[in-house]
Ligand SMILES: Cc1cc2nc3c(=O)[nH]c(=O)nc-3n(C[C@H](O)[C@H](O)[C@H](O)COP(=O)(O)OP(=O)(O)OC[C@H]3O[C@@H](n4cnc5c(N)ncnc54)[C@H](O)[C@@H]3O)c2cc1C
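As a starting point, one isolated chain is supplied in structure tokens, in the form predicted alone.
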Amino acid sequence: MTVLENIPLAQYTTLGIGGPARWFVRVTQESELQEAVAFARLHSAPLFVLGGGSNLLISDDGFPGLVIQADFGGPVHNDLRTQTSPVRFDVPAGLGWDEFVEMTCRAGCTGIECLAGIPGLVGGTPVQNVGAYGQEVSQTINSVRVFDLKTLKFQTLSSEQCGFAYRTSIFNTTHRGRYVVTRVSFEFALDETPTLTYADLLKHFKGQPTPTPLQISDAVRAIRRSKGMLLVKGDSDSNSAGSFFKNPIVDQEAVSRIATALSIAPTEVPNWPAANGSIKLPAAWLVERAGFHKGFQMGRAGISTKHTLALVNLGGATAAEVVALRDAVILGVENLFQIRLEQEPVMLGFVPLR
């Protein structure tokens, strides 16, 4: 294990923003993780585990502790040879997420095909309970192997113990900063018919036979690319952290309030049913109606020309500029609709850390 000093972190993020880490180490196996944590404890330094850097905004001042680049490798174990359902995959946290999606789709497994094209590593997906186009990763997770920074021991958490909910888990809420994910175990159906609920996918496959998981994943990547949500070298709209805001969960009264603010009928406000009788609203729609259109710019930060939810680095943007744009969007939506948007990306090196 080699510990480096004062390493710029922008190069490790999809936004391309961030100051230096006081210390930086890349770990590829569990024993190195234990060594890295011991180093941080020895120096009384805070630590942060960096995955694919796709859901992250790092301060211009950087991070005054140890950044651990989690690049856990190893084989992917599965029981495909049995040809029974469900099929189980045991996956190292350092495997690229989209690579794993492709692997399962080619095997004919249904469950994460709508999550194709999402950047990052497998180990990051349980943290945020990554979801898109009608699927959430928690629907297929069986268990998560973690290193407990409190007990300094490895353990396996069941899906139930992970406390999954919309874009959340214990890893980013009640137990934030306690666990480091090293492997994830998934279960998939071999004979299940894919369920298509997202409008763009329904439109894409309209009038066609039921698509295979692989056909769906290919379509999702094409849709994501058209919206600037696929990492494409040379595309400035790819310099983002993905969707910057969560779709808000509200009550029916909020729909009426929005309709009144825009002088439209409540039926014209797009929404979907959520848990416990609540309603989910499209954050992108609210952002646009609040006056923040595609291509909007504030300094060197802006909104993607393809998707309103992506805040992008137009070239040389600072974290402060992205934060200023974020705050302007949140304030604009709140002033008009009395709904406060929540951001998705993790903030590193800011005070307070969140």
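What you are looking at is a predicted structure, and each value in this text was computed from that prediction instead of being measured. One-based numbering along the sequence shown.
Only in words, not in the display: the form predicted in complex with this ligand, which the text now covers.
J.: If you check in the predicted complex, do 164, 248 and 309 all have a non-hydrogen atom within 4.5 Å of this ligand?
T.: Not a single listed residue reaches this ligand in the predicted complex, so no.
J.: Out of the stretches listed (269-277, 193-201, 238-246, 155-163), which one is close to this ligand in the predicted complex, meaning heavy atoms within 4.5 Å?
T.: Partner-contacting stretch among the options: 238-246.
J.: Against this ligand in the predicted complex, would residue 54 count as a contact residue? Criterion: heavy atoms within 4.5 Å.
T.: Looking in the predicted complex, residue contacts with this ligand include residue 54, since a heavy atom lies within 4.5 Å.
J.: With the partner left out of view, is residue 188 within 4.5 angstroms of this ligand in the predicted complex by any non-hydrogen atom?
T.: Residue 188: no, not in contact with this ligand in the predicted complex.
J.: Answer for residue 230 alone: is it within 4.5 Å of this ligand in the predicted complex, judged on heavy atom distances?
T.: The answer is yes: residue 230 has a heavy atom within 4.5 Å of this ligand.
J.: Would residue 330 count as touching this ligand in the predicted complex under a 4.5 Å heavy atom rule?
T.: Close contact is absent here: in the predicted complex, residue 330 is far from this ligand, nothing within 4.5 Å, heavy atoms only.
J.: Only one of 281, 254, 132, 87 comes within 4.5 Å of this ligand in the predicted complex by heavy atoms, so just point that one out.
T.: So the residue touching this ligand in the predicted complex, by this definition, is 132.
J.: Considering non-hydrogen atoms and a 4.5 Å limit, which listed residue (258, 109, 141, 121) is close to this ligand in the predicted complex?
T.: Contact with this ligand in the predicted complex is made by 121 alone.
J.: Using the arrangement in the predicted complex, list in sequence order the residues of 279-310 with any heavy atom within 4.5 angstroms of this ligand.
T.: Nothing in this stretch is in contact.
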